[in-house]
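Read on for two forms of one protein chain; each stands alone as structure tokens, with the labels structure 1 and structure 2.
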Structure 1
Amino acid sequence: MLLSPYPTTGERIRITLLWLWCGMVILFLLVPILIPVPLSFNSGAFFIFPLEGISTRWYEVVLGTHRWQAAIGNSLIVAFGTTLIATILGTLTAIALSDEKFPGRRIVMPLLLSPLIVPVVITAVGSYLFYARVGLASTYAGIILAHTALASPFVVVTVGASLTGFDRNLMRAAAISGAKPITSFFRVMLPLILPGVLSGAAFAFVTSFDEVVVVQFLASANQRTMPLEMFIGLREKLSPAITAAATLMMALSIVLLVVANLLARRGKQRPRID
């Protein structure tokens, strides 16, 4: 492939070099994310190959000790809370924005996306400053609110994409048939855009589950999430338990994002019914 039917020597050399270079780049991309996986099953306490033996002791540390269990629990509370709020409000907003009558879409869209553009430290420090004044610092509600700001753009964009394949005439047809708006939403629109909504929810979940900077500023010792526990662990002392936690987090993110992307693609491909 890539070679012309009658390749010259120069072309052969160029293609070989390209493949070599790209092979190295792919190794560079994949090796770092794969390395923690075997290391997390190491029975020894060092990050050296060959492994001393295979064991699940570090997974037992992560899943069995109180500190990590509390962190996993906090991560799940925050991520589910964020997903719930971001998905509901983000879906409503995406529906509003898909209506061509929505006033000021050109202003609202950049504002909605701005949490992704503003450096996260600024968001974190600002939230800390404001939430401390209104009593939301060191609360689950505060962390969930701040995470919702970071996660909702993903919901608005994915649901918005699935709405471009949605025929609004279906809603008019439902209205003419006597359905109340709320009924036609649940019976007509939601089933059709559901892949987009679920995909947005998965993105929101991962955004919150992987987030560490905002949590670092807003959480007290009671709300430490899994990424924050990892961050602190990396700063203080490097234990193989971190490779086990990293492997678990990576597996969850990758599974959810694969699902989210498949759903998003399905949502967009849905044919228009004219």
Structure 2
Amino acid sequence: MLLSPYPTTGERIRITLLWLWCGMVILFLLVPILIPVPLSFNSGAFFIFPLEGISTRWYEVVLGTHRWQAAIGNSLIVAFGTTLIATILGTLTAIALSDEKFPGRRIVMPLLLSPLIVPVVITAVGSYLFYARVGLASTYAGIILAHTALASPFVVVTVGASLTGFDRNLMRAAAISGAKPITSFFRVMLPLILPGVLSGAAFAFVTSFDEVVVVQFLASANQRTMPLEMFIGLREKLSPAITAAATLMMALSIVLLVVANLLARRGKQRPRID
């Protein structure tokens, strides 16, 4: 009996139901995230539907008010500092862990990934108790170091994935040719794993830029980041400016995550050198 290359009626129904179910799940996940977007363009001063009118006044408040400008500046300072340190430390750690001869590899890796598992509030409390003793509480350095602990695992994972296809014989060939280890790294290894490094840096930036719990414990009144300013606004004075700030943060996060995804795909598609 020959099998038909075309799906049967029952298979078509199952496929249709599966697509409908997936669409409902995606809609359920996206609707709460997308609700602030239309509210941010409301000309009124209240969170209501239908909108009283279309206006960009709340974006002007966020981008033109000193309080919000200071919060955006603080967020960028912390995020760029965290990205720089987390990318360097995470890349070096991933290179070390990719070596099969590294001692305690199976023990170190779970410890490095523990910030992804431990509740953030525990990390925040521990960071505050430690940094308060060494004088790093209420400083940019303390916030950046705490965020680095949260962001580094993402760099380790993405760079580690890039290193799975890296042929270490290339480094041996460079050493035989007389190149120093640091020269071999920048000339041979880094160009090949660069998509993974940049992808990890993007994840680290988003992790720091969106974080609010640690900042609540470590930031002073002059170091409020954008997420903390939004949280305080929700608690003290509701304003549609919060929805405008949320929309801007969401747009930035989406752009960076798309870039990180494209870089990760590029790293997977690069030709392997045998």
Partner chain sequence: MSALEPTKLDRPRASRDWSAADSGTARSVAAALRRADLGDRLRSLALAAPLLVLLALSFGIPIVLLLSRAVYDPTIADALPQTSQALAGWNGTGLPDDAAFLALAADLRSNQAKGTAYELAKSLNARLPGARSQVLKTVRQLEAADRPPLEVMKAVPFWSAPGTWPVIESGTHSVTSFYLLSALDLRWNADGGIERVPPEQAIFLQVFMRTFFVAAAVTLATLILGFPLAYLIASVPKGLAAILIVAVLLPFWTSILVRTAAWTVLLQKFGLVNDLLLWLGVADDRLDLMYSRIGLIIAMTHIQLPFTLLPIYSVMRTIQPSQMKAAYSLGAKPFTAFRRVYLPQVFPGVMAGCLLTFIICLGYYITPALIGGASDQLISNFIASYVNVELNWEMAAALSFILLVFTLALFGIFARILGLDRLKLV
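As the structure is a prediction and not an experimental result, all values here were calculated from the model. Each residue is numbered by where it sits in the sequence of structure 1, with counting from 1. Superpose the two forms; the largest set of C-alphas matching within 1.5 Å is the rigid core.
Note that the form predicted alone is the one shown as structure 2, not structure 1. After superposition on the rigid core, displacement of the C-alpha of residue 18 between the two structures amounts to 2 Å or more.
Comparing between the two structures on a rigid core frame, one finds that residue 27 has its C-alpha moved by 2.5 Å.
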